[in-house]
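Just one chain is shown here, as structure tokens, and it is the form predicted on its own.
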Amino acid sequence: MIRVAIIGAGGYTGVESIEILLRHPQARLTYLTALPEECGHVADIYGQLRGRCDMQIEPLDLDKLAKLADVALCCLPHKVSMSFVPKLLATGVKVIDFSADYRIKDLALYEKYYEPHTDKENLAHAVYGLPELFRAKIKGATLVANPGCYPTGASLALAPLLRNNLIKTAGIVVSSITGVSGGGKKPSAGFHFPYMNENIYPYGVGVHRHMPEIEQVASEVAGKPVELLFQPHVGPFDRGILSSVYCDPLTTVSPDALKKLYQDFYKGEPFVQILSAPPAVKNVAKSNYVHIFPTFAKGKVIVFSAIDNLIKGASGQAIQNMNIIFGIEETLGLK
């Protein structure tokens, strides 16, 4: 039985991880921790867990965590996580980190979009945790950088095209819409109900910090540098991300040939489903699935992908990574 601790259990990704682990047949929650103001009985913070999870969320005690857990899901914000991860690893506990602190391998690029990095040693050996592309590296890893929600959908949409050299590696456009849960629990003016209701708007024009992460994955898959423009939007729904990816082909490809290419590329992948029509976020809500629809129109290759940003874009993917690390069935707790 895998003993699991959650750091940052009071946030959205924390509670989604709890929900998954409560139904996991080979994992057991042993320790929940958060900032002092988020501590208390977990059911007092999330009423849906009443009668289902009788645990306290406590202030972090590293010694206690090390005694109780084999792996820690580190659901802390960017720039905060790297101050905790080295201490966790020093206790012998494996770590799956939800922040961006260990995703971007180019130190200068990370520091351009975030802040000075204080844990360069662990950054160097962290494994990027997108199972469909990097499963072999994840097996037995001690530190996994759980991918960002936007990069998950975008990377899985692009990978078959880049791996098979079917598109130009410059001029790619990724346009994505996320639900408001992507902004986390902390209130902000842009997510205030009277403004957000029946509204949709772009943000982070040309500078969103997930853009270099998507380019990093795309370049590794392609085996050469990939340049793209990533444009996010936020829409008036709770959860989900719909991504529309536009590419210039190197040769004309029929929609049927594209569909077969994607089916072959993701054959045997338990959570990737290739559709015959554009996806919808409601159809992947509260699941670890990604729905992908590739097609060809007006001289462009267009790929649509849909994921739940809190599950495949965060907590579900983390549990998928945990299952791979410990060598158990990858889908446990997720189907």
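The first residue of the sequence shown is number 1, and the count goes up from there. On a predicted model such as this, the values are computed, not experimentally measured, just so you know.
A second form of this protein, the form predicted together with another copy of the chain, is not displayed here; the remarks below concern that form.
Q: Which one of these stretches, 115-123, 184-192, 139-147, 82-90, sits within 4.5 Å of another copy of the chain in the model of the complex when only heavy atoms are counted?
A: Answer to the contact question: 184-192.
Q: Is every one of Gln56, Tyr266 and Asn323 in contact with another copy of the chain in the model of the complex, taking contact as a heavy atom within 4.5 Å?
A: The answer is no: none of the three residues contacts the partner (heavy atom, 4.5 Å cut-off).
Q: Find the only residue in Cys39, Leu29, Leu65, Ile302 having a heavy atom within 4.5 Å of another copy of the chain in the model of the complex.
A: Looking at Cys39, Leu29, Leu65, Ile302 one by one, just Ile302 meets the 4.5 Å heavy-atom criterion.
Q: If the cut-off is 4.5 angstroms on heavy atoms, which of these, Val127, Leu261, Leu133, Ile177, is the one near another copy of the chain in the model of the complex?
A: Checking each option against another copy of the chain in the model of the complex, the one that comes within 4.5 Å is Ile177.
Q: So in the model of the complex, does any heavy atom of Arg103 sit within 4.5 Å of another copy of the chain?
A: No.
Q: Decide whether Leu60 counts as a contact residue for another copy of the chain in the model of the complex under a heavy atom distance cut-off of 4.5 Å.
A: Close contact is absent here: in the model of the complex, Leu60 is far from another copy of the chain, nothing within 4.5 Å, heavy atoms only.
Q: For Thr252, is any heavy atom within 4.5 Å of another copy of the chain in the model of the complex, or not?
A: Close contact is absent here: in the model of the complex, Thr252 is far from another copy of the chain, nothing within 4.5 Å, heavy atoms only.
Q: Report whether the minimum heavy atom distance between Gln231 and another copy of the chain in the model of the complex is within 4.5 Å.
A: Result yes; Gln231 sits at the interface with another copy of the chain in the model of the complex.
Q: Heavy atoms within 4.5 Å of another copy of the chain in the model of the complex is the criterion; list the residues of 235-266 that meet it.
A: Heavy-atom contacts within 4.5 Å come from Pro236, Phe237, Asp238, Arg239, Leu242, Ser244, Tyr246.
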